[in-house]
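A single chain, nothing else alongside it, follows as structure tokens in the form predicted on its own.
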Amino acid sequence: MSIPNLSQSDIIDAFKYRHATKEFDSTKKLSDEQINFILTTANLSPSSFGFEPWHFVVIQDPALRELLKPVAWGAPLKLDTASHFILGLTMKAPMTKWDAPYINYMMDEIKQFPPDVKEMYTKFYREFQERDFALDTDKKLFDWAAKQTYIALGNMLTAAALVGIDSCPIEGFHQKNAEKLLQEKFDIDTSKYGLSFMVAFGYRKAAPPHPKTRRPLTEIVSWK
């Protein structure tokens, strides 16, 4: 594996180029290679304890996109014009609690821990949930896991910008109604997964209406 050698100026230019694209050029589509590149950056994203509490559903069926519109007030124009539209799902407590079958699967099959390492890792993970962060309700566990899912989202947005692909993260939806729809029409088990975000990818139809605005670095960073 070679050491990355991207220039800092090129990376900053990509961050400046990225913006929340409100309408995409519906005539321009990402290739399979391009969308798989973006999804691979999600797959390679870090997560707490490395347990990857996420799942991503790519919605390309126009009929299914249409079903999302009534429950996602921030998405209709993106649903109509984006090349690819993704639902970011986060695992709920039955998947992420320290003794959940999924956690055992991750340690046994994916990480392939030997028994002594698994025992130690399980102890740390349990103490983290019960003592360090007091993740003692299903809601707290979901919100904590959703933080991990947002790391993957940020990496997808940045990776897309680095190769000139536009995007728009979306939280403009009614979570309860959206999850009911996902259960009924999208074959998603919402006892195990909740909807954290939606995100659209494609190519902008027009330039951003105004320059990017941010507070100065000196206002958001303190040195001690």
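Note that residue numbering follows the sequence shown and begins at 1. Predicted model only: the values in this text are computed from it and were never measured.
Below: the form predicted together with a small molecule, not depicted.
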{"query": "Interface membership of Ile170, the small molecule in the predicted bound form, 4.5 Å heavy atom rule", "finding": "yes"}
{"query": "4.5 angstroms heavy atom contact with the small molecule in the predicted bound form for Gly74", "finding": "yes"}
{"query": "Ala20, heavy atom within 4.5 angstroms of the small molecule in the predicted bound form", "finding": "yes"}
{"query": "Interface membership of Tyr105, the small molecule in the predicted bound form, 4.5 Å heavy atom rule", "finding": "no"}
{"query": "Contact assignment for the small molecule in the predicted bound form, among Phe133, Phe113, Phe124, Tyr150, heavy atom within 4.5 Å", "finding": "Tyr150"}
{"query": "Candidate stretches 113 to 121, 134 to 142, 74 to 82, 95 to 103 - the one whose heavy atoms come within 4.5 Å of the small molecule in the predicted bound form", "finding": "74 to 82"}
